[in-house]
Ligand SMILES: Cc1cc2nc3c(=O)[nH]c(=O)nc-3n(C[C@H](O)[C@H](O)[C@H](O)COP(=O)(O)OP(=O)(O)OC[C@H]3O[C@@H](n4cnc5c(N)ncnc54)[C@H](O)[C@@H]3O)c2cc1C
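First, one chain by itself in structure tokens, the form predicted alone.
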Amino acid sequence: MMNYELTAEQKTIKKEIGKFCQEAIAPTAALFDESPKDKAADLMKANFQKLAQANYFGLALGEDIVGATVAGEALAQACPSTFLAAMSSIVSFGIPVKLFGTAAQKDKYIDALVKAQAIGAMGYTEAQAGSDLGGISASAAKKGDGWVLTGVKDLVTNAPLADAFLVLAWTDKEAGLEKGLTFFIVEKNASGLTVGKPIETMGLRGSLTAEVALSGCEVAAAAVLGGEAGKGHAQLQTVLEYIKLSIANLSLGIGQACLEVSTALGKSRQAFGKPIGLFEGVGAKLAVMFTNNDLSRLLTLRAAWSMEQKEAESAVLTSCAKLFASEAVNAIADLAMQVHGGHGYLRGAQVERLYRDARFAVIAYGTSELQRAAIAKDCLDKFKAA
């Protein structure tokens, strides 16, 4: 049974990382929205250096998944864009290397990621193949002892910043999904790899995203994640569990930011001689925001604890956390906009930025529809007739 009380160490993480994020990360969060992409890249690299000095990346790659989740909420609250960029390096790239990489791959990348001496990214979706992995067209053909990669990956978060990419490609399409896909580690300077221009996005504008094209891109045999081809599908399913938890965490942080800025307004803004938070219409919204976000936190920490304990149901719990928290934060952001009224709708307002950032969570890394399907399948499998 889960103990819902954080350990003394986790409470320290919450306090210290929270203070650090508000002091060192939050002040530049609004700059990402208006900065040119090259300036945004410099700001993000600077944030990575700050996070490394605070050992945020060490926590994220450590064994204390609950502690990492507590730290992640603090970062997502301070700057959602920085959280997503950090997640894309440490979780999408770093976790697969940690869990499946060869000794040489771990030696090369893990410490560099923790110290922000390297930034990672994962390319697995394509324009015609998002969650449908069978629709992937990227392929890798044997050439001597190495491989030649061909294909295009779109919407690769961190692509303009990354030093190395995890690229999913077919190595044996006839073998099917479970044995035919392989992850390759491809360096940014590899011949035949081209990173496109940063894409303009609705929200999370500081988390730079671009297309990655591979045209006759040659890599050595040592580039295969884990050293054995055909393991990509299983590896991705494991990593997606960490990513779903991260998106729930992102939602939680955005929701907390919406709640705090709305509560502050409810206390400070006056109407008809009293704070607006005392009016039932505003106070009720704050109450719903608090309740939904607290439920998101409980589900997210429950999923994190389940992963840490290696429970069999952890995969479905991460789907539950991602589904609820992502939909809750959109409702929370909408209520925050309503509390702020016309001033919240103005470009540059904090709640306007958070409103746009929140929309990402319900569509990224498995839409709400796909999470519901996964949860339903788990229920049907669990309770099917013997």
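The first residue of the sequence shown is number 1, and the count goes up from there. The structure displayed is predicted, hence computed values, not measured ones.
Heads up, the form predicted together with this ligand isn't pictured, but that's what we're talking about next.
Trainee: Answer with one of 94, 253, 123, 206: the residue that has a non-hydrogen atom within 4.5 Å of this ligand in the model of the complex.
Mentor: Contact check passes for 123.
Trainee: Consider the chain as shown here, without its partner, and state which of 156, 214, 140, 303 has a heavy atom within 4.5 Å of this ligand in the model of the complex.
Mentor: Looking at 156, 214, 140, 303 one by one, just 156 meets the 4.5 Å heavy-atom criterion.
Trainee: Spot the stretch among 279-287, 266-274, 253-261, 148-156 with residues whose non-hydrogen atoms come within 4.5 Å of this ligand in the model of the complex.
Mentor: Of the stretches listed, the one contacting the partner is 148-156.
Trainee: So, in the model of the complex, is residue 130 in contact with this ligand at a 4.5 angstroms heavy atom limit?
Mentor: Residue 130: yes, in contact with this ligand in the model of the complex.
Trainee: Though only this chain appears here, would residue 102 touch this ligand in the model of the complex if you measure heavy atom gaps against 4.5 Å?
Mentor: Looking in the model of the complex, residue contacts with this ligand do not include residue 102, since no heavy atom lies within 4.5 Å.
Trainee: Check whether residue 365 has any heavy atom within 4.5 Å of a heavy atom of this ligand in the model of the complex, and answer yes or no.
Mentor: Contact check for residue 365: yes, within 4.5 Å of this ligand in the model of the complex.
Trainee: Since only the chain is shown here, I'm wondering whether residue 369 would be in contact with this ligand in the model of the complex (any heavy atom pair within 4.5 Å).
Mentor: Close contact exists here: in the model of the complex, residue 369 approaches this ligand to within 4.5 Å, heavy atoms only.
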